[in-house]
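A single chain, nothing else alongside it, follows as structure tokens in the form predicted alone.
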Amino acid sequence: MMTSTGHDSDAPEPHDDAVPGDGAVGRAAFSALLEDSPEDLYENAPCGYLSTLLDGQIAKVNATLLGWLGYRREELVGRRSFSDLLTMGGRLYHETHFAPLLKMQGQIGGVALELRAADGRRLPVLVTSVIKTSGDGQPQLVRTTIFDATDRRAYEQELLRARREAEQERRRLQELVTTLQASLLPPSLPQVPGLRTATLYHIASRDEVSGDFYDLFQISRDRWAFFLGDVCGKGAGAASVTSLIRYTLRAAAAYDGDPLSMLTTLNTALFREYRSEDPRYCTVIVGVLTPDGDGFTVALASGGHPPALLLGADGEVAFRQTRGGMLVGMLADAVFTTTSVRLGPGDTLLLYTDGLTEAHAPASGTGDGRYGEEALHAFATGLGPTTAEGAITALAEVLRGFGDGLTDDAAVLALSVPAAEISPSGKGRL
């Protein structure tokens, strides 16, 4: 029994890729559509083709390139050279670079040039040329393939525009960082009677606010306070902590000019303000200068900071150790250490952040490549008796010598009592 469906049940189902037409004739017609002639492929290729004689005269050109440039075939073949189609800059490059390299190498590819159309338009292109040789290796003509690079040029211009905008944004960021950094440091140190001061400040990156800080200020008629430290981290977060530290220490010094009390007050402020998932802390050394005859007595307190370095008038160099002092702001009941220094005529006191001693020196005295306290001590010993200015000038040379090894910010504060026997250069005795 059969059911009528309008089709023979034994007939094959049609396929989506069936050849149009009927039988062998249809298949042949369809195949003919797929087989363009070599000449048609040449003329209407998606790129421009050009053949020139060895002197550059155009011998053959395809319809694609003629359409791009707006020329008739008879206007170019036998009448123009390839370089005639280039812009002035492209022609100069072709004559001085492209053509000589092609002659030496036999081929050259992917060179960006600009063609000038009949109506004056500029067409960015990528050019590849090959020298065709005869059977005996003699050059016969030059075959050139030309790709339209308009989209690529637009993409490159967009990248260039984005790069310029990024550079402008970076300059604005650097200006903002510079302005913010300047607001966190004293514009200049005040003059302290009987004392010479000098500072050195190096920022590892112009794109981030440094966490190093220092200050010197008067707290009574004849007493002066100073501090130098390093905040954990960089950027806006470090800037806010640095601002809090500076004003807290100044206020604490005005209330109670004892270095240990100043650090205790600062620790309480930092711990209360930043005891969260993002704690903030710092290392800092605080000092108070009190006149003492022909010099000063310096009371120091340190919270986790590298020791001060005393360069004596007699040439002796010694660290004023303050080991045991804890990081400021880390614990509610942090313990800090104190020491006292006599700063007499010809003596220089040097305070610094660890960006100096942790720099990777080209020829350091430590196994891990860091400059280290030993290298700093040896360097200071070589200075002999010096001045604040002399020490800072010499250390600036050291920092420059680190080059890329100086990856962290570094701040240095130098205090010295003038002595008649110290030379103006700050190095050695008169």
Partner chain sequence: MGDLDVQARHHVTVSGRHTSGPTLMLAHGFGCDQNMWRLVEPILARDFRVVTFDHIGAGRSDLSAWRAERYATLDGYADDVLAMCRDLDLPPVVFVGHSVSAMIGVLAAVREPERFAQLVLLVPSPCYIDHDDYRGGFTRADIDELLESLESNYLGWSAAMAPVIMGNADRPELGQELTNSFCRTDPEIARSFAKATFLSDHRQELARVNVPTLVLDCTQDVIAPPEVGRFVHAQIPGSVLVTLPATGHCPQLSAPQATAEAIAIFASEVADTADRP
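Numbering follows the first chain given and starts at 1. What you see is a predicted model, and the numbers here were worked out from it, not measured in a lab. What we label the rigid core is the largest C-alpha set whose atoms superpose within 1.5 Å from one form to the other.
If you look for the form predicted together with its partner chain, you will not find it shown, but the lines that follow are about it.
No residue in the set Gln218, Asp294 and Gly312 has a non-hydrogen atom no more than 4.5 Å from its partner chain in the predicted bound form. Put simply, of Arg72, Arg272, Arg172, His97 only one has a heavy atom within 4.5 Å of its partner chain in the predicted bound form, and it is His97. Out of the listed residues Arg250, Arg196, Arg152, Arg342, Arg152 is the one that sits within 4.5 Å of its partner chain in the predicted bound form by at least one heavy atom. Using a 4.5 angstroms limit between non-hydrogen atoms, Arg91 touches its partner chain in the predicted bound form. In the predicted bound form, no heavy atom of Val298 sits within 4.5 Å of its partner chain. Interface membership of Asp258, defined by any non-hydrogen atom within 4.5 Å of its partner chain in the predicted bound form, is ruled out. Residue contact check for Ala162: none of its heavy atoms lie within 4.5 Å of its partner chain in the predicted bound form. Checking 140 to 148, 250 to 258, 220 to 228, 98 to 106 against its partner chain in the predicted bound form, the stretch whose residues place heavy atoms within 4.5 Å of it is 98 to 106. Thr339 shows a C-alpha shift below 2 Å between this form and the one not shown [criterion: core-superposed Cα displacement of 2 Å]. In a rigid-core overlay of the protein, Gly106 has its C-alpha displaced by at least 2 Å between this form and the one not shown. Once the rigid core is overlaid between this form and the one not shown, Ser129 counts among the residues whose Cα shifts by 2 Å or more.
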